[in-house]
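Okay, here we've got a single chain as structure tokens, the form predicted on its own, with questions on binding and movement later.
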């Protein structure tokens, strides 16, 4: 069996991925601090103001990163991969991959870049990013930040049953990202070890080992 390195990710995809990863890490750290300050200071301190500032910068970065990723899915000259996210086609193949992950089958079909569960997980994560942005804007109290007039998002509180519930959903969204990241890294490491195809390092180098 022949092995060769194949370019799996362009520089644009790699940068977009890691910028969003760093931004989400900043969101989690600053979000935890805003909710429960663990560094000396108070709700009106310079530290809190800085945390809020970086929280919003990271939020805008994540949303912009999602917009860029959607654009590349349709317009990238390297790999416009929107077809990989076909809901109907992926639904047909969910049993195949699910049986593999549940150790019922020893292998699954060969998918182009994402298996059905990956595709659905990434689609759902995109929805969660939008949801988190809306709930974050709805619970924000302060001066308008950049282009968004926060008062225009108050309807989200009404929809979710009040600001207290919106805060709960916002925190749950944060935990979704934490759990998603842990599972994402675990599976990347596992696949790399089992297939020996450099899946884990490909998001750094852009190249994956393909076997023919």
Partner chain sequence: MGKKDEVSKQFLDALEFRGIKRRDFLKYCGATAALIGLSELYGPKIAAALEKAAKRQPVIWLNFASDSGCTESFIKATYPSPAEVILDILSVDYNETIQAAAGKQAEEILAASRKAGGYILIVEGGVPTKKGHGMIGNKEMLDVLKEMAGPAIAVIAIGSCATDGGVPAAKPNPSQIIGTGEALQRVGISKPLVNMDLCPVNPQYLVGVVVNFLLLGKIPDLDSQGRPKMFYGQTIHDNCERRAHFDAGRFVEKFGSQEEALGYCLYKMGCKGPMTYSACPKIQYNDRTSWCIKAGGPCIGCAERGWTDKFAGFYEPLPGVKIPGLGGVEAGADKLGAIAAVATAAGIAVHAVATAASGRTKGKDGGKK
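Positions refer to the first chain, counted from 1. Keep in mind it's a predicted model, so treat the numbers as computed, not measured.
The same protein also exists as the form predicted together with the partner chain; that form is not shown, yet it is the one meant from here on.
- A residue is said to contact a partner when one of its heavy atoms sits within 4.5 Å of a partner heavy atom; residue 77 fails this definition for the partner chain in the predicted complex, lying far away.
- Shown alone here, residue 86 lies farther than 4.5 Å from the partner chain in the predicted complex, counting heavy atoms only.
- Although the partner is absent from this view, residue 101 contacts the partner chain in the predicted complex, with a non-hydrogen atom inside 4.5 angstroms.
- At the 4.5 Å threshold, heavy atoms of residue 186 reach the partner chain in the predicted complex.
- Proximity to the partner chain in the predicted complex holds for none of 95, 203 and 205, with the criterion being a heavy atom within 4.5 Å.
- Using a 4.5 Å cut-off on any heavy atom, the residues of 156-170 that reach the partner chain in the predicted complex are, in sequence order, 158, 161, 162, 163, 164, 165, 167, 168.
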